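Given as structure tokens, the chain that follows is alone and in the form predicted alone.
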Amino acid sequence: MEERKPAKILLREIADAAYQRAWDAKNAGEKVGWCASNFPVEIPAALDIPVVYPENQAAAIAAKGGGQRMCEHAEGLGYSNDLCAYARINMAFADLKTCEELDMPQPDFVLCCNNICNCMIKWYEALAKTLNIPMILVDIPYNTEYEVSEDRIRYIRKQFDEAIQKLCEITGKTFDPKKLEESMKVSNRTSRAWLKATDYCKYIPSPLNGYDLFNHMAVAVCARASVEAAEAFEQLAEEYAQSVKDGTSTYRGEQKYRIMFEGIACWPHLRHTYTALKDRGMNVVATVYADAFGFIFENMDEMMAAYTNVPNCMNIERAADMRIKIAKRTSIDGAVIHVNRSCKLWSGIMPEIERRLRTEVGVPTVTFDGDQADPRNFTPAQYDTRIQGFYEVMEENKKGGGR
């Protein structure tokens, strides 16, 4: 019997296959789109339309060392240094048409959703204008209420119908409601498996190195509506369950402290941010960033609500409660908060999130300045100094019988 590949290998292959499928479709003369990470993937999946994700590509380019070069190219085109680095990298790629770190086919249309931020609208409008292609927007405005109201659900649902109609017109595809139901079912299965896998962080010791989640989550974005992704995440959860039984972990070394990493990963300096934690026995066991791509729903209305309840779209009370729930479930000893220059909306609520973690979870916190893709906004010495101070506080807490 052929030995089963580890889930991490399967997930890497699925991510690579998503790009290859888009290339194959493009070379065959089919329409290919660029898609925002929190756009309802169930729509293009139901129509069997290949899409690729500029945010995923930008993160990969940044992690491989190309972020500064691409950001500077975009700035040379007139885009401000204050803009999201993902947007700058993508606008540079749209101009250059190629990138040595990671290529993807040019788009015939773009799919935008502003439940991430309103920067997405201007970013994708600029793409549509520059490349002279259509843009489809699903407007999911910031929710000032704790729950998602019925009128908001109706508003979003109407846009789903219009997005499907426009995609059919652009691509020549025919919509089948049964295929949408199937893509919703598979997407939900994948999300449940992904969240089940991330939930194994609650065990002491954790069976996984928390930074693994930053790598695996790409599939939760780009292939959520595929059976292959669902099966791979189900296998990942099985592997973590076995690790709990065996007392093993993908984290190498003693897990002295369990921490929350708040915010988007600092992709250009991923190794440095990880090593500073690892050298002090800190393992990431909680992060909203990974769980953000687990969309759980049973029907169409619940799907509308799920796409509203993402980190940058929910009100601050619900956002804080989400972090507090995860922090308590995983028994964290402290929280490291990335003040991300690219993501103003996410970073803007961090002072209140930090306050509530300190007061309601009772753990120390530390912030560091950085960026999700532009390496110029991160200073290694500042990070190391703050992590060392953070470590010393947790050491003192431990000596004093605290957390």
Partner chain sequence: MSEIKSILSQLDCVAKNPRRQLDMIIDGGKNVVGCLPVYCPEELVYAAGMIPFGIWGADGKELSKAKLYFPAFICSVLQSALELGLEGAFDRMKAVMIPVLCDSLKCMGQNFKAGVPQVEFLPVIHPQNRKTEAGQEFLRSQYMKLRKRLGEIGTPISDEKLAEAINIYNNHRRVMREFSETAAKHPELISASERSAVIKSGFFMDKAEHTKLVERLNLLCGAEPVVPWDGKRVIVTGILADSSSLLSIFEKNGIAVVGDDVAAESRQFRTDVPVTKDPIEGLARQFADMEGCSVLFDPEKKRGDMIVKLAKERKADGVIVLLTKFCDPEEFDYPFLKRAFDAAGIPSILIEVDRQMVNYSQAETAVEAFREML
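This is a predicted model, so every value here is computed, not measured. Numbering follows the first chain given and starts at 1.
Although it is not shown, the form predicted in complex with the partner chain is what the next lines describe.
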| Just one of Lys278, Lys202, Arg152, Lys196 has a heavy atom within 4.5 angstroms of the partner chain in the predicted bound form, so which one? | Arg152
| field | Partner-contacting position among Val361, Val366, Leu345, Ala63 - heavy atom within 4.5 Å of the partner chain in the predicted bound form | value | Leu345
| said: in the predicted bound form, does Glu352 come within 4.5 Å of the partner chain, counting heavy atoms only? | reply: yes
| Is there any non-hydrogen atom of Phe261 lying within 4.5 Å of the partner chain in the predicted bound form? | no
| Does Leu77 reach the partner chain in the predicted bound form if we count a contact as any heavy atom within 4.5 Å? | yes
| Does the partner chain get within 4.5 angstroms of any non-hydrogen atom of Val339 in the predicted bound form? | yes
| query | Counting only heavy atoms and a 4.5 Å cutoff, which of 116 to 124, 239 to 247, 281 to 289, 263 to 271 contacts the partner chain in the predicted bound form? | reply | 116 to 124
